[in-house]
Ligand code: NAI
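A single chain, nothing else alongside it, follows as structure tokens in the form predicted on its own.
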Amino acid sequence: MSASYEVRGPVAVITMSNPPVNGLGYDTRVALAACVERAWADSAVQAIVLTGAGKAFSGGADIREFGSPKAVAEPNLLSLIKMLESSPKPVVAAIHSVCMGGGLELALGCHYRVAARGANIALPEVKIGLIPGAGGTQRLPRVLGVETALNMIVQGDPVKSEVLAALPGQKLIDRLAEGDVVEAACGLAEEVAARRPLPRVRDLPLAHPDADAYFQFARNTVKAMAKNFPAPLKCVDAVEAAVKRKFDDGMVLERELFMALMLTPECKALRHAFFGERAASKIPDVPEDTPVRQVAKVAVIGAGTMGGGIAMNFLNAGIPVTILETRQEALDRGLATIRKNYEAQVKKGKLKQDKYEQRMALLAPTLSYADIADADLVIEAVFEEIGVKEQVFRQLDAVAKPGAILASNTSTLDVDRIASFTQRPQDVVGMHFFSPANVMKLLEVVRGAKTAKDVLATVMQVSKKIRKTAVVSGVCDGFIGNRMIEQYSRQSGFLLEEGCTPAQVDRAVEKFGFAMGPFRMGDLAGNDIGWAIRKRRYTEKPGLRYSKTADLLCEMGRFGQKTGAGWYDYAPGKRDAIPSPVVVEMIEKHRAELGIQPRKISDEEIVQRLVYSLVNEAAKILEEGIASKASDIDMVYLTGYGFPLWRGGPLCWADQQGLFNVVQSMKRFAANPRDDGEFWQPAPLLAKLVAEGKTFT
């Protein structure tokens, strides 16, 4: 049953019950409407209280029905809200925990609202490329005022109920419950049972003293902040209609804008990302009720840039960390970096001094493996070289307690081989963090051939505690992200040989929407890391062709920002990438030695060669089962590699371009004598999808 009905004296309590967040799916809407009609028909019932079971009032639309006919089947949300609003008996919403999207719109259709303290209230539709579509843009301004409501709608972030209740003149929350919210709502319902007329949010007056100037200012501000997303500007249009039009006319415009946005590529991309993030935690053969291991203490091996950043994730979550180094100097340097990072947050007002001190108190430095014997999870973050990893894991196998999870932060190496250095391969897993590890959302969880299911389930649960988006990868060279980025980097090098400069390639890719072009990214990560990987691959994959420009750069000692020189020059203490005449000269000399006549290359070709190289390799990864679904690959690139969110990830974007068109472009690239024609042969899965008229997603 999606809703329950209970009578408490003169009050009927209707409780939505659609776990986990009481989504307003078809069955719930039908059950709610039936319960309301039952209350109307009962002469002993004088008022109605509407609430939600479990941990939410309502999180809004049921995402399991998104885009299906059920989502709009009657009674749709608009009809249900109209039913509550026109009820002959007063309806009181008992809001608690989560009241978002359609859930808030439903509450705004009630005559009164009682809220528990700590409830998160929001209209977050903008985050999936939409505006509220069931009266949110028309009703919220009437209870909170134009400016407060517009800020909430444009940002989409939750606001605590007590914060909203304290706003002067607000009419959203009639009463803030000190105890049980349903009890408080029943009390208010009894008080107002005989009052008439019943107050409706739609009837509240709405005005702004200088509407034209305010909405122009709002448009200018929103346009600057959300230039690649159409929904925020449409939010402004809808709220302006609430001020300047009659309520029903404003509702018509809101619906028109909502339906138009639903068809935009940006909305499709954002919805894809929304579903993809939730789907990433679901592993086909690991049930959600798989028992997990306790992780109360963590150890990190290596106090360098990665190790320190990894440690901060756990300190931020309140989990004690022991950080181990082999030399006191390296340990002191790592601790100083962690302190510096936290102190910068304190200085900017992002972290309170007492929180900083609490976090540092959870950190224990050591030079001895004996001090990590009681850790539940050990994460190795040492140099990316298999011999170094072997030394560490053999020592961990000797000292770690039974049942401890042993994780490697390797970005490319064979996790199965690393597991073989221990007598407990079932406890070994890859946890590939991305730099800076305390900032980047992505965590690649690499599943070895013998990794136990409870280890996998535990790591996925831990990732949520440290606020990471975890994506499971199988074992291969580079896993999902770096295996694909190798092809992207190879294409970048070929483009230099054919006539581009690093700045031209970066500009084209950044104009497309990447946070950073390939050469700026290399300078940030450290060009020596890629150099070490290429040296290994020259031996392991002798037939794989690379441009030599990146090796020549490293032979010049230009490793990137950390050396003050890479593909670009860097002023001391600054991160601004300054085009380097020395690098351009090196590229031109190398080009001449190869006998290549440079040609003009368009931004379109640059973007297509780089992004389609990701797409083709991704198709191989899917076919091999390294990734279980296309959305996992897109989540890797959205959260770890700066792929533009409004394009939804490389596979979502390829789908929107049309896979037939993608393959046609690849055939043109294969004919380029300077490129790697063999690579541009479409992956079998890609060719199959084109032949069957299907898409990745």
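Quick note: we count residues from 1 along the sequence shown, nothing fancier. From a predicted model like this one, the values you see are computed outputs, not experimental measurements.
Another form, the form predicted in complex with the ligand, is not on view; read the next lines as being about it.
Can you check 235 to 243, 383 to 391, 88 to 96, 611 to 619 and let me know which stretch has heavy atoms within 4.5 Å of the ligand in the predicted complex?
Result for this chain: 383 to 391.
Identify, from the list 416, 486, 325, 376, the residue with a heavy atom within 4.5 Å of the ligand in the predicted complex.
Among 416, 486, 325, 376, a heavy atom within 4.5 Å of the ligand in the predicted complex occurs only for 325.
Which one of 260, 330, 193, 252 is close to the ligand in the predicted complex, taking close to mean a heavy atom within 4.5 Å?
After the contact test, the surviving option is 330.
Does residue 433 reach the ligand in the predicted complex, with heavy atoms at most 4.5 Å apart?
Yes, residue 433 sits close enough to the ligand in the predicted complex that at least one of its heavy atoms falls within 4.5 Å.
Answer for residue 103 alone: is it within 4.5 Å of the ligand in the predicted complex, judged on heavy atom distances?
Contact with the ligand, no.
With the partner left out of view, is residue 396 within 4.5 angstroms of the ligand in the predicted complex by any non-hydrogen atom?
Because no heavy atom of residue 396 falls inside 4.5 Å of the ligand in the predicted complex, the answer is no.
Using heavy atoms and a 4.5 Å limit, would one call residue 132 a contact residue for the ligand in the predicted complex?
It does not: once the ligand is placed as it appears in the predicted complex, residue 132 has no heavy atom within 4.5 Å of it.
Is any part of 404 to 433 within 4.5 angstroms of the ligand in the predicted complex by a non-hydrogen atom, and which residues would that be?
Going through 404 to 433 in order - heavy atoms within 4.5 Å of the ligand in the predicted complex - the hits are 409, 410, 411, 432, 433.
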